[in-house]
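Have a look below at one chain only, the form predicted on its own, in structure tokens format.
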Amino acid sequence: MAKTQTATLRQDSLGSAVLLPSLSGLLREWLPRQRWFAGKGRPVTDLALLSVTELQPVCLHVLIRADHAERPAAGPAHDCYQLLLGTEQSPSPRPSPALLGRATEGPLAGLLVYDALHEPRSSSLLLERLRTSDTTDALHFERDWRVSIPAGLTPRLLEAEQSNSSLVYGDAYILKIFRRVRPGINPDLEVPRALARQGCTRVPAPVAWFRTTSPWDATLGVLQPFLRGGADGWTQALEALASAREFTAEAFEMGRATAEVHLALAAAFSVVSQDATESRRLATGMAGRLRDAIHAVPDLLPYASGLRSAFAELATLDTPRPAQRIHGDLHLGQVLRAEQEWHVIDFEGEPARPLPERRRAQSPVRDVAGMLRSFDYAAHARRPWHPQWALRCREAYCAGYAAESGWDPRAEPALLRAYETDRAVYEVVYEARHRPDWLPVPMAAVARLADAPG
């Protein structure tokens, strides 16, 4: 039944509006419940199919645009999401989050629709397309032919909360599938490929990837070696806290790894100079994000003056400073320790920010500030809080960075405070929308950075 219906869809042009009635009602309910859905708190007002490709008779690759009632202060009023949808006549055992429901209208009427990434057959199909460097309609699967990718690797979907979806194949490779799709090459493909050409081993090199050419060119997913046995910095930091153990040695080595990656990035991409005009532009952008954040989370209002002072100080900096490609969203969850070495992963940057901004040259201090905020997060993750533990980790991390790079980020206190404040404001909005129970953590940093009571 499912095979016949999907084949009919192909003859009638899958990209047309004929399929939308089958999916619209289901997606309006299912999308807002997904961890990677960016429109939290903004009702979906309209859906449009941008691209539909049949990968096999019961598996559809879909790019769908979701329009929202409220336009965010920065960015478009809509988002594009990547879905892999399966259909079946009768229910089969699968995780409930994977099930969209039974279609009641359109060409899929009567069929159950589900997220096919939860199904091994569809997940294996993606790997096979990458292995063979296939092209299907607008989908292009490409690979590095110098690397041998075995067939038949067993897939498993990682269940950890994240802004994308990841499939692990036989504990040998991991495929990151970008749920929120933007036009252009994704930094999580562009940057690791450039670092691999520099011989940087701190970042796993992409071995395959896939992209679309409709409705525009965009990266859809990246396959990289899976660091088997690797544990992320967040998990290790919490384990150290739980056992009342110091984490300074690990933080020092993490700082060295960050500096090593920054040096390789400086060699792979151009380094520019940020002058006083750029300092003012940065400060203006940070102040604007604070203004929008106060509107979204009024709890920030008592600290507004103190937070603005950090950005005002940044605006006065007039000495030229180097800027380059950076990670853009560095924290303890973005570093993995495998075989006694720290590795840096996930170069996508903050998905909420426009792609050109994420690819822009920026100060390495921004990455440092992100990691310093992450140590603070770990120290506040469990009661009682351990601010001195975080302080020692922060100092060790900066010392490790200085030992490798020859430059200490603590020598730029105004720049460091501004970036850390901007990050804390971002965290407040994020937690308020996605994890309200965590809101006290960035609010504690806001109070500290604003030098306000509390």
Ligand SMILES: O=P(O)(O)O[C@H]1O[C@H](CO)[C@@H](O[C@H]2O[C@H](CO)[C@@H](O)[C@H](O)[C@H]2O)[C@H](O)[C@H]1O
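Position 1 is the first residue in the sequence shown; the rest follow in order. Note that the coordinates shown come from a computational prediction; the quantities given were computed from them, not determined experimentally.
The protein also exists as the form predicted together with this ligand; that form is not presented, and the subsequent description refers to it.
Colleague: Using a 4.5 Å heavy atom cut-off, which residue among Phe311, Tyr377, Tyr81, Tyr114 comes into contact with this ligand in the predicted bound form?
Modeller: The option sitting close enough to the partner is Tyr377.
Colleague: Identify, from the list Leu282, Val181, Leu189, Leu332, the residue with a heavy atom within 4.5 Å of this ligand in the predicted bound form.
Modeller: Contact residue from the list: Leu332.
Colleague: Using a 4.5 Å heavy atom cut-off, state whether Arg35 contacts this ligand in the predicted bound form.
Modeller: Yes, Arg35 is a contact residue.
Colleague: Classify Trp234 as contacting or not contacting this ligand in the predicted bound form by the rule of any non-hydrogen atom within 4.5 angstroms, answering yes or no.
Modeller: Flag for Trp234 set to yes.
Colleague: Does Trp30 make contact with this ligand in the predicted bound form, using a 4.5 Å heavy atom cut-off?
Modeller: Outside the cut-off, so no.
Colleague: Give a yes/no on whether Asp367 approaches this ligand to within 4.5 Å in the predicted bound form, heavy atoms considered.
Modeller: Asp367: no contact with this ligand in the predicted bound form.
Colleague: Name the stretch, out of 50-58, 37-45, 395-403, 422-430, where some heavy atom lies within 4.5 Å of this ligand in the predicted bound form.
Modeller: Result of the contact check: 422-430.
Colleague: Is it the case that Ser163, Asp346 and Arg373 all touch this ligand in the predicted bound form, with a non-hydrogen atom of each within 4.5 angstroms?
Modeller: Every listed residue reaches this ligand in the predicted bound form, so yes.
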